[in-house]
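A single chain comes next, written as C-alpha cells; it is the form predicted alone.
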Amino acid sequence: MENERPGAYEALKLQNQVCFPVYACAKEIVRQYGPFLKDLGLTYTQYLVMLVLWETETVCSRDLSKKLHLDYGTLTPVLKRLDGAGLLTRERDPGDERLLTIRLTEEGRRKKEQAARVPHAVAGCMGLTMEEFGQLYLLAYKALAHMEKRNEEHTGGKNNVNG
C-alpha cells in the first residue's frame, strides 16, 4: 500500500474507537453486578425488568420493551421466569391481545428491599469520583437519546426494537 496517506487509517485502530471501551465497560459492569444479583436470585436482564416494576408497579410489555431496548424474543422468557418466581404477573391486555400487562407482586416488592444496596455497591466497583460518575451518566444518556432520535428519524418513528 505505497499510495496510502500517512494516518489515513488511524481511525480504524481499536485504541481509537470510542465504541470499544464503552462496549467493554458495559460488559464489565454487568459482570460486576453478578455476585450481588446472585444473592437476589436474578440475572442482569431480570434485574432491569424489576427496576422498571419497582418504579412503576405496572407496565405494558410494549413500553417495557422500548424502555429496556429489548425485543419480545428476549423479554418473553425473562418475564416467564420472573412470573414463575412469583415476582410479577402477566395478563393479556383486553384491548390488544398481543400485549401483556405486567404487574409487580408482593414478593416482587419484598425483593426491592434486598436490592436497594446493589446500585451503590456496583458504583463503588467503578473507581470513579461522584463527579466523574455523574459526568459518565449524563454523557451516556445524552448519546443514547441522540441515537434514539436519529433512529426514529431513519425508521419513520417505528419502534425498531420489535420490528
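Since the model is a prediction, treat every value here as computed from it, not as a measurement. One-based numbering along the sequence shown.
Note that the form predicted together with the DNA isn't included here; everything after this is about it.
Practice task
Would you check whether the DNA, in the predicted complex, lies within 4.5 angstroms of a non-hydrogen atom from each of 114, 117 and 142?
Solution key: No, the candidate spot makes no contact with the DNA.
Problem - One residue of 131, 57, 107, 96 in contact with the DNA, assessed in the predicted complex (non-hydrogen atom, 4.5 angstroms) - result: So the residue touching the DNA in the predicted complex, by this definition, is 96.
Handout entry: Contact of residue 51 with the DNA in the predicted complex (heavy atom, 4.5 Å)
Key = No, residue 51 stays farther than 4.5 Å from the DNA in the predicted complex.
Practice task
Please check if residue 78 has a heavy atom lying within 4.5 Å of any heavy atom of the DNA in the predicted complex.
Solution key: Looking in the predicted complex, residue contacts with the DNA include residue 78, since a heavy atom lies within 4.5 Å.
Practice task
Would you please decide whether residue 103 lies within 4.5 angstroms of the DNA in the predicted complex, comparing each non-hydrogen atom pair?
Solution key: Looking in the predicted complex, residue contacts with the DNA do not include residue 103, since no heavy atom lies within 4.5 Å.
Exercise for the section: Examine residue 70 and determine whether its closest non-hydrogen atom to the DNA in the predicted complex is within 4.5 angstroms. Expected result: Close contact exists here: in the predicted complex, residue 70 approaches the DNA to within 4.5 Å, heavy atoms only.
Practice task
Using the arrangement in the predicted complex, list in sequence order the residues of 22 to 45 with any heavy atom within 4.5 angstroms of the DNA.
Solution key: Result: 23, 27, 31, 38, 43, 45.
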